[in-house]
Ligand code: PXG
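The chain below stands alone and is given as C-alpha cells, in the form predicted on its own.
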C-alpha cells in the first residue's frame, strides 16, 4: 500500500530522495514540506494550508495548476502514440505541429527547432551548435563563449561552466574551458558611486567588447545571455544595455545566444523576450513554460543562418537525446500554447498585470529593509539591505534572504531568495485579487523580517 501520511512521506523522503540545490544536512534536520495539490494560482501542503504561488512553480507554471486541457492532451497522445524517437529520419505529428507553431511565434528567421527535456540540455545543445557552426564555416578556433558573472544557464557541467555562478564552478570538477565571464548588467549591485543606469548599462555592455578584444574576435563563437537574468536574481538591464550589446556582436561578427528558459512564452508580455528588447539572436533556448511545467520539454530555436549551414554539409550532427521531440510532451505544449493564446495571457501581462505588479512593488520602496524594487512584465525583485542610502548588504550573504523566505512560506506565499534578493515570477493568470493578496502578504513578511534584523539596520 502506498504511504500517504505526511510524517511517513517526510521520513521516506529523507531516506531515499536527494533534492536539487539543497543543503542535505539541513534538510534532514528540518524535514521536507509536502505539497499535495495545486489549483489555479494556489498550492496546498500536507496540513491543508493554502499557499499563493509567487514563483509559478519554478518560473514555469504560466497557466497555473489543474488545467484539464493539458491532461486530456497527454491522455489522447499516450493512447495513440506514447513514444517514438526522432532518430533514424523519423518524425511524428506532434513534433511537426509544435515546430511549425514555434516557428510562427518566434522572431523572424527562426524556422528550425531542436528538442530536449530540460533547460540544461538545451544550453548544452546550443553550445555544441555554436562551436559546430564555426567549424563547418572553416573557423574551428571560434570556441570561446562569453557569458556574465552570476548568470545561471543550467546545471550540467557544460551549462554550469557557461554560467557564471561561483559556487557551481567550485563543484564542477573541473569547469570546462572555453568560457569567459564579464560584469552582469546589475546597476543596483555593480554601479559605481554616482553612475547613472544609462552609463552603467553602456559600461556593462562594453565589458563584452573588451573581452572579445582581449581573447581575439577570431576565437569567439558567441555571446550568451539571458535577456533578464532570472535565477541570478532578476537582474534587469538598463535600457542602454541591449542595443549596445547588439552593436558589439554585429561589429565583430559574433553569434548571439539568447537563453530564454525563463523569459519565453509570455513572461515579459511577448512570446519571447528577444521581441521585447528588439535583439537579433541566432539561437534561443527555451524550456519551462513551453508546457507550463506539466511535462518536461525544452528546445533550441535555430536561426536560418545556422540551420542552412548544417544542411549544406553531408555529415551527421552527432548530438541528440532519447526524448528529443517526445510526442506526449509536444502534444501538451501545443495545448498549453493554445491556452496562452486563446486567453490573451500575453496581452494581459503587457497591459494589465505587469504594470499592476510594478505599481504594487513600488508600495514597498520606502520600507526600511528595501533598497530597490524592479520588474518587467511578471518578473520582479526586491533587494534587502542593511542601509538604504549606501545599498550596504547584511553580514553573511543570503542569511536575511532565507529569513524572509521562511516568513513568506509561513504566511502562505512562495517567494524565492537569491542571496538577499527576493524574487517573484507568478503565473500569468494572476488577477487583481492575487496582486492584492500578495501585497498584504509581502508587507507582513517584510515587517516580520525587519523585526528579526532590526538591530542591524542603519537609521
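Residue numbers count along the first chain shown, from 1. None of the values given here were measured: they were computed from a predicted structure.
Omitted from view is the form predicted together with the ligand, to which the following refers.
Next item on the list: Work out which of the listed stretches, 163-171, 270-278, 351-359, 117-125, brings a heavy atom within 4.5 angstroms of the ligand in the predicted bound form.
Entry: Checking each option against the 4.5 Å cut-off leaves 117-125.
Next item on the list: Would you confirm whether the three residues 181, 212 and 248 all fall within 4.5 Å of the ligand in the predicted bound form, going by non-hydrogen atoms?
Entry: Contact check failed for every one of 181, 212 and 248.
Margin query: Considering non-hydrogen atoms and a 4.5 Å limit, does the ligand approach residue 152 in the predicted bound form?
Written below: Within the cut-off, so yes.
Margin query: With a cut-off of 4.5 Å between heavy atoms, is residue 231 one of the residues that contacts the ligand in the predicted bound form?
Written below: Within the cut-off, so yes.
Notebook entry, point to check: Is residue 395 one of the residues lying within 4.5 Å of the ligand in the predicted bound form, judged by heavy atom distances?
Noted result: Contact check for residue 395: no, nothing within 4.5 Å of the ligand in the predicted bound form.
Notebook entry, point to check: Is residue 65 a contact residue for the ligand in the predicted bound form, using a 4.5 Å heavy atom cut-off?
Noted result: No.
Item checked: in the predicted bound form, the one of 102, 330, 378, 262 near the ligand [non-hydrogen atom within 4.5 angstroms] -> For this set of options, the contacting one is 262.
Next item on the list: Pull the contact list for 39-59: residues with a heavy atom within 4.5 Å of the ligand in the predicted bound form, in sequence order.
Entry: Heavy-atom contacts to the ligand in the predicted bound form: 58, 59.
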